[in-house]
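One chain follows as structure tokens, the form predicted alone.
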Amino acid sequence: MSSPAATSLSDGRAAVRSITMPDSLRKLIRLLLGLAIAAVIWEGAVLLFGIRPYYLPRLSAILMAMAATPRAYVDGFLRTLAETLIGFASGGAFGVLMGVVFFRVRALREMVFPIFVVSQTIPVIAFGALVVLWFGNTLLAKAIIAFYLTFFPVTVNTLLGLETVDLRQVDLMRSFGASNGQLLLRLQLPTALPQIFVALRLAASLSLVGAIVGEWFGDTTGLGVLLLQAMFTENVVAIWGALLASALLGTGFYAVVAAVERRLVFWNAEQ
């Protein structure tokens, strides 16, 4: 029979556990705290060391400049986000598909994969000029440039991941009558998922780079347009504003991909 003091102590511990913050909320608070500390250091360093605005403006000045023209940044953010998402999704899907095809058909891999490798030696600026010439200054053209930077790492990592599958597991599933499709969906792709997501996290950044570079060839909306306009007018504050908006988009996109990875590849996170 437990004493009243022990019962009270256990009730107190249960109450503490019930009000403990979730891990996601704790991480969010740490992130916001880190950003606040970085902002204070930035602002304080500029004032303390007398850094000229031409090299590094105060963060408050950048944020006020962005707040003065919010529509331009919101429209640019959304346009670049759309280009990035389309390029990322199509490039990721195409990369996984080609990785599976190359894994299944070795002859096709030997014929086509070298062409993929050669395609990646073409500078994105040169490829972007050709794409814009073909499709004009459209959202599709920018998405194609993002696709160009995305599909290759996903293809390579999908192929690498599929080749790590244990052949004994394949033989075991075949002994139970598993078809090629069942092998792919239930064993091979799940085994390759950690490798695939390594490439997808990289592609999240590359697709944004492709979208912004594509906007440099001529457009009216987008973060790349804001950056180019600021460079032409030598508006350092506006350059930093475009950089901050791009960093926000890139970081947020990367975080979403990483969150999806934690959900789908939960066994990898537990190791």
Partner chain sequence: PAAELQKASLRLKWLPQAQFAGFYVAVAKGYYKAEGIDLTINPGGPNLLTENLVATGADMFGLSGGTDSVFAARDKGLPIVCIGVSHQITPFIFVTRKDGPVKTLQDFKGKTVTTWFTGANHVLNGMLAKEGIKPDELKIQPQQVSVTPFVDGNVDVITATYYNEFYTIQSRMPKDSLKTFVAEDYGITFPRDTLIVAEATAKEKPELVKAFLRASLKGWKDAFSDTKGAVDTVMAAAPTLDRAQQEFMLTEVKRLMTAGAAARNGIFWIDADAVKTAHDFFLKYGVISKPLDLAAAYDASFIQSIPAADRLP
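This is a predicted model, so every value here is computed, not measured. Positions refer to the first chain, counted from 1.
This protein has a second form, the form predicted in complex with the partner chain, left out of what is shown; the following refers to that one.
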**Request:** State yes or no: in the model of the complex, is some non-hydrogen atom of residue 60 no more than 4.5 angstroms from a non-hydrogen atom of the partner chain?
**Result:** no
**Request:** Classify residue 93 as contacting or not contacting the partner chain in the model of the complex by the rule of any non-hydrogen atom within 4.5 angstroms, answering yes or no.
**Result:** no
**Asked** Is residue 218 a contact residue for the partner chain in the model of the complex, using a 4.5 Å heavy atom cut-off?
**Response** yes
**Item:** Contact test in the model of the complex: residue 64 vs the partner chain, heavy atoms, 4.5 Å
**Value:** no
**Stretch 62 to 81: residues contacting the partner chain in the model of the complex, 4.5 Å heavy atom cut-off** = 69, 72, 73
